[in-house]
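In the form predicted on its own, a lone chain appears below as structure tokens.
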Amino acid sequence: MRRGVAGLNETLIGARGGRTRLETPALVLDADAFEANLQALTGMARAAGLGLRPHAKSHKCAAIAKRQMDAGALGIACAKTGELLALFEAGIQELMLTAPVVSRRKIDRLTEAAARGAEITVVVDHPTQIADYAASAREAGVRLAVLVECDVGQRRTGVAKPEAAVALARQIAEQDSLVFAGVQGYAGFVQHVFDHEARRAENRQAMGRLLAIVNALDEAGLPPAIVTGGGTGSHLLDLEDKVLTEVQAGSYVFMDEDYRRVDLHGSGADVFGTALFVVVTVIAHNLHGDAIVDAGTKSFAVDGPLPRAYLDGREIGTITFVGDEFGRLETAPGKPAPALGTRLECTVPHCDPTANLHDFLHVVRADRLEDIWPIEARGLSD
């Protein structure tokens, strides 16, 4: 049984006008925009001859991951062990863990999942991790695919020097329970550079660092089959430059206010549509006559521009936060404050952490609620 507002909204599935009658706060996925985004990036990657391994950190939802796989994704990338295991238990098998792990207990959980049929790829940036993965995989009776994590300018995890990457790759290849599968080089610092040409210059520097590592591995007789990284902000640049063999874009399925400012293709036009909203209800008017809504910082991540609020498909203002549970609608000039009980659809400042605040996605198309999908990995940041 679904809990919270999702349980109350179950009766609206398939009903005409269900979208406008949702109990709130409710996280909403516009199916038409989502499907268009899915097909757009899939088509771009296919035309470029590169693979897609969408990152689940944006949605944490098995139903979305399944649709990405059905559209042709090579697999699903995950940020954390708990996220990966939750998606595996929900039926996703082709999974890549994109962050190094130093806990042997977590490593054992991963190799146990591999023994149960998960096709897991992991990343390492230290010899100790290789030794632990090798021992755990051997005990579980599996062979684990392993990537060398490379720092291409993110200054977070990974090795930066080609000789260090070669040494790790050689150590992986020497283990009978591991397979050296390639390298990862994620340029997260590039993704939200707003200007297209400035972002292109940053990305080329990052990919130049990664290419030097790839070339060193080739010369050492350890050619990487997988060169993975990239994201929504750099997807076009990565598809054009072809240093990567696959792109890990995540936010493209949803989009948010922060990405809305990024000129993705250098044309100034939107490439992906906004598919993720939080529906809120006007529950009061304050002493200045402003509409107060039933969603605050526990319903929206706040690390981005303010949400835009829509009434019947028309933008009427922005939401400012006046507490954990409440927001205030700042209406555009000439727009009156909506009446009590009015439902507004609001964009989100940052999609990844916003999805992590909700247990369910309400899937809508036109005026109907089509389905309610659980966000299985919600809160699993371990």
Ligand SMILES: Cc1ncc(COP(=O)(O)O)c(C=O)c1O
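Values in this document were obtained by computation on a predicted structure and should not be read as measured data. A residue's number is simply how far along the shown sequence it sits, counting from 1.
Omitted here: the form predicted in complex with the named molecule. The next part is about that form.
Among the candidates 129, 98, 136, 81, the residue which, in the predicted bound form, approaches the named molecule to within 4.5 Å (heavy atoms): Looking at 129, 98, 136, 81 one by one, just 98 meets the 4.5 Å heavy-atom criterion.
Contact stretch among 173 to 181, 230 to 238, 140 to 148, 114 to 122 - heavy atom within 4.5 Å of the named molecule in the predicted bound form: Of the options given, it is 230 to 238.
4.5 angstroms heavy atom contact with the named molecule in the predicted bound form for residue 261: Because no heavy atom of residue 261 falls inside 4.5 Å of the named molecule in the predicted bound form, the answer is no.
Any non-hydrogen atom of residue 156 within 4.5 angstroms of the named molecule in the predicted bound form: Result yes; residue 156 sits at the interface with the named molecule in the predicted bound form.
Contact test in the predicted bound form: residue 55 vs the named molecule, heavy atoms, 4.5 Å: Heavy-atom contact with the named molecule at 4.5 Å: present for residue 55.
Proximity of residue 249 to the named molecule in the predicted bound form, heavy atoms at 4.5 Å: Although the named molecule is absent here, residue 249 would touch it in the predicted bound form, with heavy atoms inside 4.5 Å.
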